[in-house]
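In the block that follows, a single chain appears as structure tokens, in the form predicted alone.
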């Protein structure tokens, strides 16, 4: 029996035990090096978290004052009427859409020339013009009240600037110059009385407006293109619903009180459930995160629909089916995608992918696809396709690791019992690795939610809630995302302003969203972890 082989260089172990620097052995220094780096990582994470909350937490107080100014200056009162005017404008847009559809049906389906089609639509145009004119009196009243309310708000903001200027002069010891800054108080009560004093006139105006709408709609012409008659019938119903909302507007106007304080909770809900992100407006700035949140979710959903099959199926193929030569070629290629800079992918999306998708959507043979044809080459679909490319390497790598961790005995036992390779993959390997695959998908979701450059370049950046009534066609709408808005506006805002702090609040939401995704991924892994693995 051969003797055990002795270590070739035992002197290294002896020297390692003897060598000391500043009283530390080699093992102590190794422990200190790696432990120190881990501590630095934790400290950096803590500093980032503290910085986010330090800059963002005071937003809600600022937003509360912002909403108080909105109410006390009377902008809220005017917006009740303005919304009534906007709803009427939406009905006008509906009529314009019906006209375009009728014209297209007459010229493309019935083969009528353009002049004859326009002549056939002349009664409809007269009706649309009469309907549009019904809102003129309300529009004039809104315009007059807008001047009053905006003047009050402007005077208040000027006073605020003067107050800050005075404080700065006093802080510098320039007392005489500070005393010369005159601040004229704003009479909010008088301004509110001017606005509420128009309520009797509004009531008369609303009654006449309702009567005019009913008279015009009663003479609505039938559609000259039969296929559009259902849309005209729907328009009639929309007008009836619109008129039915008049009493609610009058109720809000009659009960409006500028002195009702704005609660802290109202400032929070205005951000969390707000449907507008509107900044640098002459009228009122709104910081509602819903349009950005829904845009981020829509783009992430599109990306996962594409990336999950690509990443998981590629992992199964490379790990279970591919030959070693294929593995050596395909696996590095997939992993190399993650090395492509996102700005390069954004260029590709603008110049190639968006243009190609729009061109494909124009083919009549593809008109059955929801949303096709579309005209906006930068939209959620373009951004989602590119984000899928970014997420695929993450999902692929983690899913393959999960498949690798399945005990080899499981696979061998299945094959020994006569199962085919496909049956073994579907019935044994995938269920055993499911927790790791789900974790890979969740971490891929975290990757696409946090991506910035691609969505900024390719999502279209339209700040509005996607129209979910369109069904799957919603994917062709331009959207804006939380990461995109921060990257786009952070460089332009004044440090310390309410806009600046609102962007940090968006960052906090992103922080918690990523934290939640990682937490769920960890819970899934622990919940379905194989015994002994």
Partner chain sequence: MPAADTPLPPPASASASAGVFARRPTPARRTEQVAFWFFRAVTYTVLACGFFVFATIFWRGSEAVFQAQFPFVNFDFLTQAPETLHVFQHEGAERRLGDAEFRVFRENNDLQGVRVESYVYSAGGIFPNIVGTLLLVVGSMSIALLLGVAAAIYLSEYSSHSRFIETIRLSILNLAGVPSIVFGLFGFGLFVLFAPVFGEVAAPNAPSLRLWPLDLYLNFTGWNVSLLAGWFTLAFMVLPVVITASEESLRSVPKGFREGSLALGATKWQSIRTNVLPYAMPGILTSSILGIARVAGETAPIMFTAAYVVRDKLPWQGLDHWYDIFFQGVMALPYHIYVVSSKIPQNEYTERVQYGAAFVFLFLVALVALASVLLRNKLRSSYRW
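Keep in mind the model is a prediction, meaning the values are calculated, not measured. Numbering follows the first chain given and starts at 1. We call the rigid core the largest set of C-alpha positions that still match within 1.5 Å between the two forms.
Heads up, the form predicted in complex with its partner chain isn't pictured, but that's what we're talking about next.
- Figure note: of the listed segments 73-81, 221-229, 433-441, 420-428, the one touching its partner chain in the model of the complex, with heavy atoms no more than 4.5 Å away, is 420-428.
- Here the marked residues 333, 350 and 507 all reach its partner chain in the model of the complex, each with a heavy atom within 4.5 angstroms.
- Its partner chain in the model of the complex comes within 4.5 Å of a heavy atom belonging to residue 316.
- The closest heavy atom approach of residue 407 to its partner chain in the model of the complex falls outside 4.5 Å.
- Looking at residue 112, you'd find every heavy atom of it more than 4.5 angstroms from its partner chain in the model of the complex.
- In the model of the complex, at least one heavy atom of residue 35 sits within 4.5 Å of its partner chain.
- Contacts to its partner chain in the model of the complex (heavy atom within 4.5 Å) from stretch 437-462: 450, 452, 453, 456, 457.
- Once both forms are fitted on their rigid core, the CA atom of residue 40 lies 2 Å or more apart between this form and the one not shown.
- Superposed on the core, the two forms barely differ at residue 522: its CA moves less than 2 Å between this form and the one not shown.
- Once both forms are fitted on their rigid core, the CA atom of residue 68 lies less than 2 Å apart between this form and the one not shown.
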